[in-house]
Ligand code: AMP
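The form predicted alone is given below as one chain in structure tokens.
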């Protein structure tokens, strides 16, 4: 067996970001910038009002209250068509361009239309300073300035910043196209009746969803039976369609572990068959096949659904993030208090226990810290999910994360435990999106 960190290093050494492509901001959503995005225009492109009110000359209202003549109205998307002169004002709306001659805006709450007037005169009740309530050109970003730097993922707010700055073409690492194949004669697609000795193929839909959650484009390449030629043809046909392949099942040493047989033939000496010192998910394979455009990393995951999911989290997901150009490759982690014992036996492996997380109760045993928490108050409590077998996928569905138990006897109630947060919604709630 080899340690997990050695297996991770072996895999990551073979994974490099995809070559940059040029995309529009909308098409680049979810991609990572491969070059700095530079503003093409000032943002905002002109001086405009920060609020509804009256555009005027600050010098005219130093002795407020004063009465000014109203020379017109400026709406967003329009101009006054005239200049604001001495002792004059223009009604102005938020975002409307500041008219020539004016250098400040008095908010409407500090004004009143003169009693008995028809709206052509306004009383300014408080003085304003030059530039007050005015957003100057380039106040957000100037043309030629970097809007977003290399390595930034384009999300909804980044999209808005790029579009407002006139960026029309971005150099980005494209989303990796990741093909998923499940193997096994015993598998049946969802929605079909089960025959004798058959089970539903849950791994492939799960892995397709995990691939998409990692920010990649999932390509469902279907299911292969335990037949070498059929699987080899499916893999060969996928090499021109995807950047990465993920296979589930058939990576151990059984007589019908066809993934091992096929990858030994296609990948040769470059194929790594690993027994990793973890539980679950000990067997794992990795190779790089020659594709028509670029080398294609191929991951072989165990068939047991929990082992498949854990292998993906620990080895595949970080690799996909690297290939997509992301700087943050792993799931967020937190230190939680064990709300129940998380026991194990020494066996030379790191154990990953499926746990549910909840805000910690201040009066719970050990909640004030202790253990490895260094006396620091822990905000989360971890409780093991029922059913920890590698075949018990329901526990993975209940879990918010994986508690990391080093070799030894485990963790007692109240002690601190490191948790990899796999629940994306929970992770976003306390650390931001992954």
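Keep in mind that what you see is a predicted model, and the values were worked out from it rather than measured. Residue numbers count along the first chain shown, from 1.
Below, we refer to the form predicted together with adenosine monophosphate, which is not included among the displayed structures.
Looking at residue 305, you'd find a heavy atom of it within 4.5 angstroms of adenosine monophosphate in the predicted complex. For the chain shown alone, residue 356 is not a contact residue for adenosine monophosphate in the predicted complex, no non-hydrogen atom being within 4.5 angstroms. Mapping the unseen interface onto this chain, residue 248 counts among the residues with a heavy atom inside 4.5 Å of adenosine monophosphate in the predicted complex. Residue 164 falls outside the set of residues with a heavy atom inside 4.5 Å of adenosine monophosphate in the predicted complex.
A heavy atom within 4.5 Å of adenosine monophosphate in the predicted complex is found for one listed residue only; from 227, 257, 125, 103, this is 257. A single residue from the set 211, 96, 147, 187 has any heavy atom within 4.5 angstroms of adenosine monophosphate in the predicted complex; that residue is 187.
Here the chain stands by itself, but in the predicted complex one stretch of 176-184, 150-158, 67-75, 135-143, 176-184, has heavy atoms within 4.5 Å of adenosine monophosphate. Residues of 178-203 placing a heavy atom within 4.5 Å of adenosine monophosphate in the predicted complex, in sequence order: 182, 183, 186, 187, 199, 200, 201, 202, 203.
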